[in-house]
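Starting off, we have a lone chain in the form predicted alone, written out as structure tokens.
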Amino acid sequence: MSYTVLARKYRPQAFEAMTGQEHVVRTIENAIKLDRVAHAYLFAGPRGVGKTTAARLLARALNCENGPTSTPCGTCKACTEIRDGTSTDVAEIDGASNNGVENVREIRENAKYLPQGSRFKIYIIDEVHMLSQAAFNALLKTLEEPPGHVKFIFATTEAHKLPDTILSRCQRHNFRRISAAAMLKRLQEICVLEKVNVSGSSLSLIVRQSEGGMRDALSLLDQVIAACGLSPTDADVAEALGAIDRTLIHAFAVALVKRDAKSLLTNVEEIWNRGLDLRRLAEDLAFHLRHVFVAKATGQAPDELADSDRDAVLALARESDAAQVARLFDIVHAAVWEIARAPQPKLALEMALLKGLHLAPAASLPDLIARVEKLSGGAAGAQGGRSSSANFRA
């Protein structure tokens, strides 16, 4: 029985289905409509944000029987062959394993010939930064003045490694990390289609761990479903991902704000006995304190949080002082580095948290200025009173 992973099953099949890259989609669609398609494109950005998907969609848009069009039909021979990876006129090349001069020489020789059945012969080179310097040099002339039937699409996660001579010959598009809100919405849509009942808190955890990459998020969701079934609890999801339950992270933050040393040490002992990563705990706690500070500053919780998490963060923000939360964040964030290198991580974490408990009461700058002015006024009044008494006695 063959199973298609979610990252492949829900790969966008149209430009409008791409999540979080509207600026790139808009530019490409306009270029096709205005007949201003460049001969070489460079798609640069983090992993898993849609670079290769956009390259395939552009290839379909150019070679579709109804095209060039920004809305390829997806059903003609050219579209289906490109989608299935069987097109003889669209070559997807792995730059890591085809990085020599001989590989580029082969591309140059084949580029001379007309496409067999399509409008354009298209070369998609993934991780193009892996090409050797000699291979880049061999590609320069062809890349600058390719035959009219040839298009190049390069994809890379490390554009800074490309020579300037290559960059100057390409039209560059920078792909962004996908926003947490957009990714959360897309995961919710996929869960409905897959009939998976995952809470908003668990999806938020997946989003946070994916670090802006949709492919990573879908891979993690696949992992959760395989480990926990179609109705996983928040605790099951956290365990499957090697993360710490959000309710426990919130309990740490509450204990810090309320200066509850006993709860802090009890929770640290629980995390330690369960064999969880203490550095990861410090990172998650720092993120949570950041969310509380944002809620305190703006009056609303960050969009990437689930509804239940938003309520908890807002409640803690109302009970806390902004200056105190900021100082707690500094301590916990600094502890991440210390815990990672400490011979006794548990001791490093406990002492960092206890330092946070014994911070002096926080006060905002306007409050401090008002107190100083009040004290100054009182001192001046007392000094004036003494002078008047001395004059009276004289």
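Since this is a predicted model, take the numbers as computed values, not measurements. Position 1 is the first residue in the sequence shown; the rest follow in order.
Just so it is clear, the following notes concern the form predicted in complex with a small molecule, a form of the same protein that is not shown.
Contact with the small molecule in the model of the complex, defined as a heavy atom within 4.5 Å, is made by all three of Ala7, Arg11 and Asp126. With the partner removed from view, the residue among Arg279, Arg310, Arg215, His250 that has a non-hydrogen atom within 4.5 Å of the small molecule in the model of the complex turns out to be Arg215. Think of it this way: in the model of the complex, the small molecule has a heavy atom of just one of Thr233, Gln223, Gln209, Thr157 within 4.5 Å, and the residue is Thr157. Though the partner is left out of this view, Arg47 does reach within 4.5 Å of the small molecule in the model of the complex, counting heavy atoms only. At a distance threshold of 4.5 angstroms between non-hydrogen atoms, Ile122 is out of contact with the small molecule in the model of the complex. The small molecule is not drawn, but in the model of the complex it has no heavy atom within 4.5 Å of Cys79. Though the partner is left out of this view, Arg60 does not reach within 4.5 Å of the small molecule in the model of the complex, counting heavy atoms only. The partner is not drawn, yet in the model of the complex one stretch among 126 to 134, 314 to 322, 93 to 101, 196 to 204 has residues with heavy atoms inside 4.5 Å of the small molecule: 126 to 134.
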